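One chain is shown next in structure tokens, namely the form predicted alone.
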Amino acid sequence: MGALNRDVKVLVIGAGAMGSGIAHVAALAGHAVYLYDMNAEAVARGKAGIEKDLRFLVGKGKLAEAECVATLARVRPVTALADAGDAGLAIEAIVERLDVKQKLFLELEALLGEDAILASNTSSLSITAMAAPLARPERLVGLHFFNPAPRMKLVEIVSGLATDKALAESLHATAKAWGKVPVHARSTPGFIVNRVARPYYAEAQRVLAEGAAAPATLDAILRDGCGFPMGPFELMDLIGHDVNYAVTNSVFDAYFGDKRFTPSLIQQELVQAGRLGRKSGRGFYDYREGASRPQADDEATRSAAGTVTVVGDLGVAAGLIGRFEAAGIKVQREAGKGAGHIEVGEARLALSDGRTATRRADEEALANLVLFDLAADYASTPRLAVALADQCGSGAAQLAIGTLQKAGLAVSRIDDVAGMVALRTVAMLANEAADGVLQGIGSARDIDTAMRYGTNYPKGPLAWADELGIRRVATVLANLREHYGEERYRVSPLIQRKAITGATFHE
């Protein structure tokens, strides 16, 4: 089956921000849309919101006035579901309660034609369970838009156990025709995005709990250094800690207490205190009137070395070489085995491998070890995090930091935590994504696409793992597990297999 014809009428149940946003998308794509809500005032507000958004597009020159008027005319408010009995696609965007959604779909199944497609915009509930009471459970598909629906590109097409594959394919094609980026997902807790994204919040909170750095510094490392659109703490403040914490608990419970999804005590305390983020005025940051936003802690300017020696292959960090040379620092090269490193005076600079700097310095018989964190592109990143081994001398550390600064980097020093910040976060995102592939939740391509378009990550986590090298990712995860002794950091069997063979996720 291809995309639904434009003459197929769409019924959207729920006229809140998400429902009206979906109605906006469908109407703009050319469908007549019934917009229903039990509250007639909500329907009026929903249509008014659609008009406001369309007028904004007209004002920006992105939509013609005539198309704006035509789109609005296609949105038809209804106060009774019976008035939309000829709809060929019904999309619910109501309260996240399974019993309420089941009751609604039973009503819709009786009202609409046998060929009508039933779709749920749920972000977390089981499509399989939702469809179970229906006479035709194969007609129900998850159609998960992201907020705000008119602007966010991703749509997860979620199949339950009974979902007709042809219907899922049809909605995939329909979402694409509506200008969206659709991906297929199997109905499991969190689907793709809400499951794979958990480590982005969890690892940052774990590092914060160990006192490695303040939220503003950790945010800057992931935002400036790795290209994430927002750091995890400012993002949680924006989402709302009550919402983010509830989703984490939901996924944790749904996976029978899997330690990988363990909620954070720090976030629990924020919720208990009513510090829910932007909407309450306080979260990790203070948003009250007159409050100042803390800045990242950067190292004071230090003296730089005139010469550095690059030993072996720096791999993904090779972009640092050009930065040293552009800064007038002479770069000497030596052959070497294993992971490459940089000699700066008496200090050794190396990319973290998941061990603490202190442990690695001891095991490799190094005194002056300075580890640096992952960056999206070492040739252009404005910021780099470093961690010092406890054995590292002050003079050696300062020269290494000063040399990085001369190469144009703001240097954020964090305490010596395993895997640092960005590296452990990306490794855990890749680990979760790999399990998603292994368990048939989505393909590697769809999972990477979902994370790029659903969360605006700079790279798909599996593509990032390919770039880093699967063996390196496996090593980082194994070292984290050994350091903490926790099941949380178990290595995905699929990453283990690919590390052995040298295969990648995207051939």
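Since we're looking at a predicted model, the values are computed, not measured. For every residue, the number given is its place in the sequence shown, counted from 1.
Below, we turn to the form predicted together with a small molecule, even though it does not appear here.
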Based on heavy atom distances of 4.5 Å or less, which listed stretch (337-345, 98-106, 426-434, 382-390) is in contact with the small molecule in the predicted complex?
98-106
Is L399 one of the residues lying within 4.5 Å of the small molecule in the predicted complex, judged by heavy atom distances?
no
Is S159 close enough to the small molecule in the predicted complex to count, meaning some heavy atom within 4.5 Å?
no
In the predicted complex, is there a heavy atom of the small molecule that lies within 4.5 Å of any heavy atom of A32, even though the partner is absent here?
no
Would S443 show up as a contact with the small molecule in the predicted complex if we use heavy atoms at 4.5 Å?
no
Identify whether the small molecule in the predicted complex is within 4.5 Å of every residue in the set I329, L349 and A407, based on non-hydrogen atoms.
no
Heavy atom within 4.5 Å of the small molecule in the predicted complex, from candidates S280, N147, N249, T309, belongs to N147
Interface check vs the small molecule in the predicted complex: of L438, M38, V58, V69, the one with a heavy atom inside 4.5 Å is M38
